[in-house]
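We begin with a single chain expressed as structure tokens, specifically the form predicted on its own.
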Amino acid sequence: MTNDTIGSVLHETRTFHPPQAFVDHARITPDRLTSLREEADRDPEGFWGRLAQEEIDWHKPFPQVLDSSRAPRYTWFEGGELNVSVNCLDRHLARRGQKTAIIAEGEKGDVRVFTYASLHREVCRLANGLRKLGARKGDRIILLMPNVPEAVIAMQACARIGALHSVVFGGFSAESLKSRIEDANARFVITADGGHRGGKIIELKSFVDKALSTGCKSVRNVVVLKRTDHGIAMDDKRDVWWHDLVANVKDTCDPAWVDAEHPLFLLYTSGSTGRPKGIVHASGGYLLGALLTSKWVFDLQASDVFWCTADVGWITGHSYVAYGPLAAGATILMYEGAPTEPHGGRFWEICEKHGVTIFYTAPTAIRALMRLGDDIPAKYDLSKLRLLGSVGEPINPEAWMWYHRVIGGARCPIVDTWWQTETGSIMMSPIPGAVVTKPGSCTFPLPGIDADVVDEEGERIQSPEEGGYLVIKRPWPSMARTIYGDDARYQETYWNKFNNRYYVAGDSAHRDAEGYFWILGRNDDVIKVSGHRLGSMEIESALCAHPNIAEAAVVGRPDALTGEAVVAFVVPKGARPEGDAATKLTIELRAWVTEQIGALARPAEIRYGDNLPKTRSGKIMRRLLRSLAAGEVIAQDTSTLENASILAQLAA
């Protein structure tokens, strides 16, 4: 980064204090937050060690907190033994056995409820079934599941026997699934006959069959959940129905006690090229991070119904569906299906129906629902909501304001969270009862997290107008341990840039005059125009602040004169303009961006679409947009796209 990076995020000045009614009952007050920060800064190891002792049930205590002798291969609580499933389930049985653990609603409206006692029973039965098949501690088990409770049951069952699960998002192609199975050398696959999405059946079992038909020799058995019951092929020698596997097993299961550094799971990051990148997370440190942040960031209370809309195939679904809230003894909600099926008010209907109090979703979902208008959420009683959250990418200020005003009724704090697959848990976020928020800012690092913004030499950037590399300067318990089978790649990707001094997040950011952090986008999303570096997030925020624009994505394309040119892909709030109407809007938007940011940020080209290319998790596929902007034929894998047909429209 250089000092000509634009980093003001539209000079956002609006601030929102935590409502007093929220502060009065908050887990963490301003004074408590100050105390936690001071403790963490004074004695980081002692801070994490105390919390690990207090928050986790250990089978064997850990002899040391942190081992830095092989940095950057840090280890946490090594020598201590635990079981993650026991911490999520068993320890709640005496006091919370009959408390609701999971409320699950399907796209067709079917509802199922699991108490902690019944969830524990189902986890133990599947764990025993897996052991009957020969699964043992250290095995890798691939999961390709719909977003249903059985996905969580399968993850917890793997943890119970000490096997490593690797959940593959249901939108990946058979070839992508195959590459992950082979990279992990997995012995078992757990899947379903299908899942429901957008009124259609997602053929999960057929993806598995196709992947296994051309390789994956390590796989011994495929366990199949009957979800859609639409008729599938079963291999008698390899495949076994879930219900048959658990039919005659005990509903208690002795846990496998594992070292704190024993891997809990592998999770392959999306959008990578070449060999799949399997991020490895360790049992003890990951559990501590997921549990603490669930309590701190979401202010979890005994009466809450917490709905994180993420699919379990992503890290958000791991940390804030399958593990963190359950370790805290909370009630979670799961939904299998599209957010607008069968109508645009589906999310809000579910919130009303089940009394959701905490709602955590992605900015892309917020913008898509915002585009449908205020009238739809107004039809539903959202009065039980008390906290809103945002995850996945920076949220532009206008979407933040709509979320605050229309969904939260101007009474709910918003926690805009920054973190990654590799960090394991939330790293920066407002503490809702203690931090003043600014629309579009993830505010400050959580206690114990030493984040900074540095220049090309790794030195701290002092100017509030200057962007740079986002780094983490101290290790933290939930950090990724390595890339499976490729430690050299782990060190090269995350540590080598600044000679192992810092973890390099891959995001660009800046701090304003009050120390608030603003994420400007991925480092490769920075556009260099005539020697000046522009953050794509800021230009997108400017476009979305225009009253006629619902959503925007900005990329760079090669330009002989300026090096790169700004290309904007825009979704209007009304009908997609054509002809003179498009020309008029383009002139207006270019002038608007010039006024909001400056002439350098003015898009050289604006293309209009009915929507943007997104994965089913709601992430905009900017690498595809870069190809479109450059006039290239798209050769990348598009199997994860929710709406692949939009590419032809945007290319025209």
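It should be emphasised that the depicted structure is a prediction, and the values quoted were computed from it without experimental measurement. Numbering starts at 1 and runs along the sequence shown. For clarity, a rigid core is taken as the largest C-alpha set superposing within 1.5 Å between two forms.
Omitted from view is the form predicted together with a small molecule, to which the following refers.
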Problem - the small molecule in the model of the complex reached by all of 543, 569 and 605, non-hydrogen atom within 4.5 Å - result: no
Exercise for the section: Answer for residue 336 alone: is it within 4.5 Å of the small molecule in the model of the complex, judged on heavy atom distances? Expected result: no
Handout entry: residue 417, heavy atom within 4.5 angstroms of the small molecule in the model of the complex
Key = yes
Practice task
Verify the contact flag for residue 392: yes if a non-hydrogen atom of it lies within 4.5 Å of a non-hydrogen atom of the small molecule in the model of the complex, no if not.
Solution key: yes
Practice task
Evaluate residue 548 for contact with the small molecule in the model of the complex, applying a 4.5 angstroms cut-off between non-hydrogen atoms, and reply yes or no.
Solution key: no
Handout entry: Answer range among 315-323, 122-130, 227-235, 572-580 for contact with the small molecule, defined in the model of the complex as heavy atoms within 4.5 Å
Key = 315-323
Handout entry: Selected contact from 519, 246, 387, 280, since only one has a non-hydrogen atom within 4.5 angstroms of the small molecule in the model of the complex
Key = 519
Exercise for the section: Answer with one of 311, 398, 183, 507: the residue that has a non-hydrogen atom within 4.5 Å of the small molecule in the model of the complex. Expected result: 507
Exercise for the section: Using a rigid core alignment, state whether the CA of residue 259 is displaced by 2 Å or more between the shown form and the other one. Expected result: no
Handout entry: C-alpha of residue 564 off by 2 Å or more between the shown form and the other one on rigid core
Key = yes
Exercise for the section: Pin down for me whether the residue 393-residue 564 Cα distance shrinks or grows in the model of the complex relative to this form (closer or farther, change of 3 Å or more). Expected result: closer
